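Taking the form predicted on its own, here's one chain by itself in structure tokens.
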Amino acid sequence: MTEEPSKTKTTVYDNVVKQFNKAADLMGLDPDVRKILARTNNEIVVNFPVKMDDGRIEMFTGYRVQHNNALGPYKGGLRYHPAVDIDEVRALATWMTWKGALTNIPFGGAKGGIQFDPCECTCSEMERITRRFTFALGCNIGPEYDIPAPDVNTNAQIMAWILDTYVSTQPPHERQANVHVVTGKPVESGGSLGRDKATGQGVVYTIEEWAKDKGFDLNGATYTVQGFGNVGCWVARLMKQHGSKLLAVEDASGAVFNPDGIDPDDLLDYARKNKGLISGYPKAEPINHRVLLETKADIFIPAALENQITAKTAPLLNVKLVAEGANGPTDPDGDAILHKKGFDLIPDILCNAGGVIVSYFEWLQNKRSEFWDLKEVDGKLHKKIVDAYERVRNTARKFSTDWRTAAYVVALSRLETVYKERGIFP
């Protein structure tokens, strides 16, 4: 599914820097604020031992990068993947800062992860790796300091293990006051209704707003999805409610296509019985990655990993809209081609911000000892993300620029204002 890395390919963080500089130049960002935002605050690397099921000891490397906390506590997910490294985590942490600033929530940006393949570990090994990583991070996370959440290959169960490990290190009388150390928890352990679908729901809310702007009817619209994890499968299932037709979908095991449409709920049922993978799905034909990208549709939703739409792959797309469910799926070269071809694009820091918005709602509920029903969560999410969408749209018009740059300008403007108001210590 993913492209093979090449020696000449720029890194994910290089892309972040290019996007940042483009927006900063356009808006005339204060040079002192620019210096601050161009660097991360803290970069934590921990190496820790874990006893595996067969009794041997394995060493693991974990990361937590804290980019900026001018707006509030650091916030960002943890991913378990063989490709995790400091460069990727640094980029993801920076995007989280922009995402929080864009959506007007009181969080800064952070990200973390462990470099390993979870498919090669048992459930008991995953639990020990998670708990040992949490212990190794120690006071580098905390409910009012840095709040992790799920990301690639992590889920509510892993958040529950982190929560239990963290509170176990606290004095007994303070443990219940630390439940909001992570978000994306199981509902029974303090999680929020709607958190599991939040990122996908946010993607669909932004697509709905785009359709209103364009006078486009989503009933009967066609779409393709890259990635069928938590984000991709929820987007597909929610688009189904609009009467939209899923033509093709891809995950790490391959891609499938059906011109008459694929039922996302049926595909999910199949994947759950097939180790979470869609390969071999009997109601669609197998296709390769290139064919997926070339499939003519109204909307393409990349919801996998970074750098999927590049100078090499962008020319293959034949759609009206790219809605970025993943973080950083389009590199600057791909961006330029999409813009030249006249495609509309809803950038990642807006399109997939539903996850961090509802994480904020979960954090608030924990702090207040409240529990909101799903209607309230969805309503508040809709209000937040539509407000961000409108500000990006208006900024794009004001500066006559693309939507990604406009989203950056909105985020950077908020951070610039905060720094100017508060000043720099000492």
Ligand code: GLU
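Counting begins at 1, following the sequence as shown. Since we're looking at a predicted model, the values are computed, not measured.
The following text describes the form predicted together with this ligand, which does not appear among the structures shown.
The partner is absent here; in the predicted complex, the one residue of 302, 328, 200, 77 having a heavy atom within 4.5 Å of this ligand is 77. Only one of the listed residues (248, 162, 278, 149) places a non-hydrogen atom within 4.5 angstroms of this ligand in the predicted complex, and that residue is 149.
Listed stretches are 375-383, 353-361, 393-401, 37-45; the contact stretch with this ligand in the predicted complex is 353-361, by a heavy atom cutoff of 4.5 Å. Among residues of the shown chain, residue 185 is not one whose heavy atoms approach this ligand to within 4.5 Å in the predicted complex. At the 4.5 Å threshold, heavy atoms of residue 255 stay clear of this ligand in the predicted complex, well away from it. Taking the partner from elsewhere, residue 309 is found to have every heavy atom lying beyond 4.5 Å of this ligand in the predicted complex. With a 4.5 Å cutoff on heavy atoms, residue 101 does not count as touching this ligand in the predicted complex; it lies far away. Along 79-113, residues 96, 99, 111 each place a heavy atom within 4.5 Å of this ligand in the predicted complex.
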